[in-house]
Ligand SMILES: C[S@@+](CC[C@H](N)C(=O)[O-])C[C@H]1O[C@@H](n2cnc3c(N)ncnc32)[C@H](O)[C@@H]1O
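Here's a solo chain for you in structure tokens, the form predicted on its own.
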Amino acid sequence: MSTLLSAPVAPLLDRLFAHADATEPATTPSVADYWNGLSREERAQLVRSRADYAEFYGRMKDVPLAVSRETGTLLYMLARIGGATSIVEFGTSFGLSTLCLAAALSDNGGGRLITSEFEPSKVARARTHLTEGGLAHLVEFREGDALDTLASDLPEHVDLLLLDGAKALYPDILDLIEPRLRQGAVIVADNADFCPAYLERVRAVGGGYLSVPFGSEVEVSLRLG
């Protein structure tokens, strides 16, 4: 039986994805006035910004900003197919993707998932969710700016990297993790279209990756060597 599809993880994910689907910046009291006061262009600029990401994601502390349910299932499948035992995640948020990845580690026989999150309150929520799902023992939470938290003490090899934090930092985080990516490692980047520089890098011929878009939200890349 798959950990992803059985209790306690399956009903927990049902509840969390339902909450995520129902929670938008425009209707969340703590951020609605700020968000609704921005134009579409200003919102896009904030998501892409290298200068203002700390303030922006701090304001979004009550918004899940989660991967879709389909992306969560994809993450589980990719980790299982690759037999992943070593995973790094940039952007924990409330821990939905973390649960999917940790479930795969559990079904692969164990391993280590390092996940980094900027906002302390989100780390606390994610810890609670991973404990409720019975998977906290597989997860190492690192609180703070991922440019610092993922700059050292990394595993010798990484089987899967999830990029789902500040979009402008995707190339920087890849720089940190790339030396540890084993041949055949998978990189999943959510909403990668907000970082053209990242897409240019992983799609470049001869750049060391084979990369394709998955649906309308995700870029999936394979480390070639």
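Residues carry their position along the shown sequence, with the first being 1. Source: prediction; values computed, not measured.
Just so it is clear, the following notes concern the form predicted together with this ligand, a form of the same protein that is not shown.
Contact with this ligand in the model of the complex, defined as any heavy atom within 4.5 Å, is confined among 130 to 138, 91 to 99, 151 to 159, 76 to 84 to 91 to 99. Within 4.5 Å of this ligand in the model of the complex, a heavy atom is found for every one of Y53, A66 and S116. Scanning L176, V188, L181, L169 against this ligand in the model of the complex with a 4.5 Å heavy atom cut-off leaves one residue, L169. In the model of the complex, at least one heavy atom of G144 sits within 4.5 Å of a heavy atom of this ligand. For Y198, no non-hydrogen atom is located within 4.5 Å of this ligand in the model of the complex, even though that partner is not displayed. Using a 4.5 Å cutoff between non-hydrogen atoms, R125 does not count as a contact of this ligand in the model of the complex.
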